[in-house]
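Before any questions on how it binds or moves, here is one chain, the form predicted on its own, in structure tokens.
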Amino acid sequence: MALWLGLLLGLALLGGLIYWLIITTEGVFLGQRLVVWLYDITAHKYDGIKEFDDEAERFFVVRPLRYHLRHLPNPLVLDVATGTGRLPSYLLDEATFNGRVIGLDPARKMLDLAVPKLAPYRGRIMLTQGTAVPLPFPANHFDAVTCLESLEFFPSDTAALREMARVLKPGGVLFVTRRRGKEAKFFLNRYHSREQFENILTNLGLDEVNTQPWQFDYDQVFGKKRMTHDA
């Protein structure tokens, strides 16, 4: 009897470990290749799982980003981990946005789904397959860099943020999310309190760092790249 109980306990613990590794943290502790593979095999279900609400996306995502870019007539935006083109599609659909967007993601099948979604904006959108570290762009290049609901799945969130800050123009805006809520701490060393996360951005050369509650699992965090003396 004790042996069977031990086996059942062992199986339960193993099941819990597998669930944590594959479902809760989406393979991040097993390496980037597995994370990308998981997104590729679930790409066709991604938008259905997320159930994006058009009005909410326009109000809570596009509106604050447009506010930070209000002084620029034709801003250039980089969306890191663009997935199926969530942010580019809503931003480019905004009548008052006259800029261009580059969407970057390592999962080819996610990008394949973004192509038809973004077809109406041809000439103002470029999709490229790649990772956040290193970003394949020169320093001081973008007016804004965005990264939504993705940082905790990168091999190093700090290294990715450093790259995002590098490619931002002085005075450019960074718009990212910080994982919060009960499940956030399951990401162990990838979890940062609000203060810790804001300090990371400040140390990377961003000013006016501001955190706002967004979803149950995420905060929105904005920051502006510090101006240099010769900028």
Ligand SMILES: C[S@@+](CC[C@H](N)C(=O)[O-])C[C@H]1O[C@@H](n2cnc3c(N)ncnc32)[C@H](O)[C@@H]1O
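Don't overthink the numbering: it's just position in the shown sequence, from 1. All values reported here derive from a predicted model rather than from experimental measurement.
FYI, the form predicted in complex with the named molecule isn't displayed, but the following is about it.
Chemist: Does any heavy atom of F154 come within 4.5 Å of a heavy atom of the named molecule in the predicted bound form?
Modeler: Although the named molecule is absent here, F154 would touch it in the predicted bound form, with heavy atoms inside 4.5 Å.
Chemist: Just to confirm, L76 within 4.5 Å of the named molecule in the predicted bound form by heavy atoms?
Modeler: Result no; L76 lies far from the named molecule in the predicted bound form.
Chemist: Is G130 near the named molecule? Define near as a heavy atom within 4.5 Å, in the predicted bound form.
Modeler: Taking the distances in the predicted bound form, the answer for G130 is yes, it comes within 4.5 Å of the named molecule.
Chemist: Taking the shortest heavy atom distance, is G103 within 4.5 Å of the named molecule in the predicted bound form?
Modeler: No.
Chemist: Taking Y67, L91 and V176 together, does each of them reach the named molecule in the predicted bound form with some heavy atom inside 4.5 Å?
Modeler: Not a single residue of the candidate spot has a heavy atom within 4.5 Å of the named molecule in the predicted bound form.
Chemist: Out of the stretches listed (92-100, 145-153, 67-75, 120-128), which one is close to the named molecule in the predicted bound form, meaning heavy atoms within 4.5 Å?
Modeler: Single hit among the candidates: 145-153.
Chemist: Please tell me which of F29, F59, F52, F186 lies within 4.5 Å of the named molecule in the predicted bound form, judged by heavy atoms.
Modeler: For this set of options, the contacting one is F52.
Chemist: Sequence order please: the residues of 28-56 with a heavy atom within 4.5 Å of the named molecule in the predicted bound form.
Modeler: The stretch touches the partner through Q32, V35, V36, Y39, Y46, F52.
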